[in-house]
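Below sits a lone chain in structure tokens, taken as the form predicted on its own.
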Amino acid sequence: MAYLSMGEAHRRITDYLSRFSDAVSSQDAAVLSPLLAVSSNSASLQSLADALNVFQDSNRLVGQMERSSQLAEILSPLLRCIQSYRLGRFADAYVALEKAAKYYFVFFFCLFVSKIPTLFWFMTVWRWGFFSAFLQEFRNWETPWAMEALYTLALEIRLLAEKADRELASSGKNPEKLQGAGSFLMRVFGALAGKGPKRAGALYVACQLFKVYFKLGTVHLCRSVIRSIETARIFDFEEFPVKDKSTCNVNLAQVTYMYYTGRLEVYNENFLVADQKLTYALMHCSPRKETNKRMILKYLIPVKLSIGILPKQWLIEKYNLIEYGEVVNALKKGDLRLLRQALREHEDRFLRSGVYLVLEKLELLVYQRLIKKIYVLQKQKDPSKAHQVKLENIVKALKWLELDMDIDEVECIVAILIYKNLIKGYIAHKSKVVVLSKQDPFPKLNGKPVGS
């Protein structure tokens, strides 16, 4: 850091405080939001952090503001957060930001709800811990201008909690901040989830909650959030204001919501619903967000494969999803050995994504494709006997693929394929022959999951 005089440090801090106060007075969310984006590493916030390291009495400057009595409880911890973040003390930064966020929430409640007569009453209630009472009353607030700043705070709470937990874990301490962030965001979500202009804010906070729960491995907690949104029918995506929408004219929060709820349906093996949600997310994702599209496709491709739809090779190459390339080739060729090799090679990646079991069930489709290939070869040689496939021939094909299976195992697999309606026909047990239907012996899934 270059030399910074005390006078320059004083100027930078007072400039930040003035911009913050002016943004609140003029209700200018576009100016206020960047002032709260601690993890953005913007040049202005970095220079402010440097000034705070030089000028140690920033609270005195906060106290000299015109609206110090109202904004001090927000700005003092916010400045501590910015300074701690710049110094790499992320746990301290998170604690300070959470405190600032709570005061932010209550301050704007007091600013717009006239039933709170004095700041003294506000501070007394706050210090006695009745934050939930304020959140309850906040439901009645209909002024939406500060929502954009709330989005920034919700994002920063999550990002700082993740950094804080990594810092705590590296020093042998209990990483608890992300769990605390989830509790805080859940209370904010409860205050926003109602009718009126705050609904869009509730959806955005819900998406941050999903990210927290998936990170913590507590995805079951998403259910209560989803019930609030879908069961109560408080959201109609088409009613959201245009100003909250991305370049493809769809709110980013909608895409994020459908992505995470789609992933939940994958875990629950509700593949048809997962297909609908993930397809929505992909179709409405901004064309410029290729990284986001890749994240969606990581789950959509296994879902599509499970209902019999193979992706094009160019799609796999464009989004660098090469781990699915051999899986698709195995399905095309009916090569069980190739499928198992692909699952072994990319096992860690598939397990982390939670799609390993989905892909493992594709073995049934590979068996179906293998038997179909034998059927086609027989039809070329002797069309009159094409519909009679000896189990012995299937055993030979598997041995050619270096898979040692006896005839009883193969008979069991064929019985499962018939039961799953992947093959139409029956097994002649005495002659060890699969008698295929002469009409559509290998029906397509037509949107039904392979395991249904």
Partner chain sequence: MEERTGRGRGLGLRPARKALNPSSSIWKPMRSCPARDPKQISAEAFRERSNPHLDDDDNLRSPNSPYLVGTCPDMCPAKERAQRERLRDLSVFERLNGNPARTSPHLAVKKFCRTISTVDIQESDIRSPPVLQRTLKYLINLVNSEEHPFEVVHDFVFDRTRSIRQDLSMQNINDDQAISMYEEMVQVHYNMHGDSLSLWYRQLSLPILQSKKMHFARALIRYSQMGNYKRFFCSLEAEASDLQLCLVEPFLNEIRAQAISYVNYSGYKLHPYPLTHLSKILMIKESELEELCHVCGLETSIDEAGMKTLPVKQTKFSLPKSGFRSYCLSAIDDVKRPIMCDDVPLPLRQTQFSLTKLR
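None of the values given here were measured: they were computed from a predicted structure. Numbering follows the first chain given and starts at 1.
A second form of this protein, the form predicted in complex with its partner chain, is not displayed here; the remarks below concern that form.
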{"item": "Its partner chain contact at residue 313 in the predicted complex, heavy atom, 4.5 Å", "value": "no"}
{"item": "Contact of residue 175 with its partner chain in the predicted complex (heavy atom, 4.5 Å)", "value": "yes"}
{"item": "Exercise: residue 28 in contact with its partner chain in the predicted complex, heavy atom 4.5 Å", "value": "no"}
{"item": "Residue 409, heavy atom within 4.5 angstroms of its partner chain in the predicted complex", "value": "yes"}
{"item": "In the predicted complex, the one of 89, 298, 304, 102 near its partner chain [non-hydrogen atom within 4.5 angstroms]", "value": "298"}
{"item": "In the predicted complex, the residue from 151, 367, 319, 280 that sits within 4.5 Å of its partner chain by heavy atoms", "value": "367"}
{"item": "8, 17 and 54 each touching its partner chain in the predicted complex (heavy atom, 4.5 Å)", "value": "no"}
{"item": "Options 344 to 352, 282 to 290, 373 to 381, 183 to 191; stretch whose heavy atom lies within 4.5 Å of its partner chain in the predicted complex", "value": "344 to 352"}
{"item": "Any residue of 355 to 387 that, in the predicted complex, places a heavy atom within 4.5 Å of its partner chain", "value": "356, 357, 360, 361, 363, 364, 367"}
